[in-house]
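Heads up, the chain shows up twice below as structure tokens, two forms, tagged structure 1 and structure 2.
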Structure 1
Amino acid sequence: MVTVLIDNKILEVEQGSGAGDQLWISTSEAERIAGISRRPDGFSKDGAILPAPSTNSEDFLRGDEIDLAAVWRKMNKPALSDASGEVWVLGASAGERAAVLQSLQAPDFTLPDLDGRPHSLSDFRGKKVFLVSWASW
């Protein structure tokens, strides 16, 4: 089992294991947590075709499992784990964050209030929003 941190969420993946810089996950779990689908010629995510991480498919395919970290890095997105290989973060690339900002559509997010109730920026649609950061420190 591995814990995968992705898009501000903490996901537990039963069929997964980390080894060094590799994160082996079943294809169905890769689709569920990261939207990565297997194609005959590589992978796709959100409708876009991704090139295979290597010309040698054994580098990133093992039976029904894929090395999700390799696929992730091929997209120039950060993929790193703790020393045990049991906790992974699959981050966003600078390019995709920049593209969203350049669209000027405010990126949506969902976070809890002090009582744990979730709120999304999109709940405020129809109002002018003054989104402001703050911290106790």
Structure 2
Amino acid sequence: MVTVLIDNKILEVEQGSGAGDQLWISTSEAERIAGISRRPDGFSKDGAILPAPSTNSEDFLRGDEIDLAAVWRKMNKPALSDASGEVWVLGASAGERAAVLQSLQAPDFTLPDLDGRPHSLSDFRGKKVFLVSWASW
């Protein structure tokens, strides 16, 4: 089993194996967790086509399995794992992160108040909010 962190979600992949810098999962799992589907001429994600290289296509495909980390890196996005290959993080590209920063919109999060009631930042959209954070380090 492999755990994949992507788009602020934690997903479990039953039939996955990670070794070194490779994350081999079924093509159906790649579509479920990352939105990457296999096409005759390569792969697609969100309508964008990523052609598979004609040389060394085994770098990406092995039967019905896809090296999701290799495809992710081909899209100029970071793919990192722990030493055992059991936990993976599939990150956003630098361009995607820059666009979020330019929007000046804070990401949504939910935290409990002192009484344990959860509050989300999105509950206060359109209102001025003062956030205070603290860390012990």
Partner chain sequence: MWQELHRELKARNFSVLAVAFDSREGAARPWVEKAEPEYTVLVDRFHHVAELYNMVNVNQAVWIDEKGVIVRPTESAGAYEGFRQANRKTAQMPEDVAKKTGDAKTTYHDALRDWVAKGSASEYAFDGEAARAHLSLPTPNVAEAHASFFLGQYLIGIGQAGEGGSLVEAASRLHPESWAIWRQGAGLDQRGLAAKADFWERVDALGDKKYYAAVDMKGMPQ
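Here the structure is a predicted model, which means the values were calculated and not measured. Residue numbering: sequential along structure 1, first residue numbered 1. In this text, rigid core is short for the largest set of C-alphas that superpose within 1.5 Å between two forms.
The form predicted in complex with the partner chain corresponds to structure 1; structure 2 is the other form. With the core superposed, Arg125 shows a C-alpha displacement of at least 2 Å between structure 1 and structure 2. Lined up on the core, Asp115 has its CA atom moved by 8.6 Å between structure 1 and structure 2.
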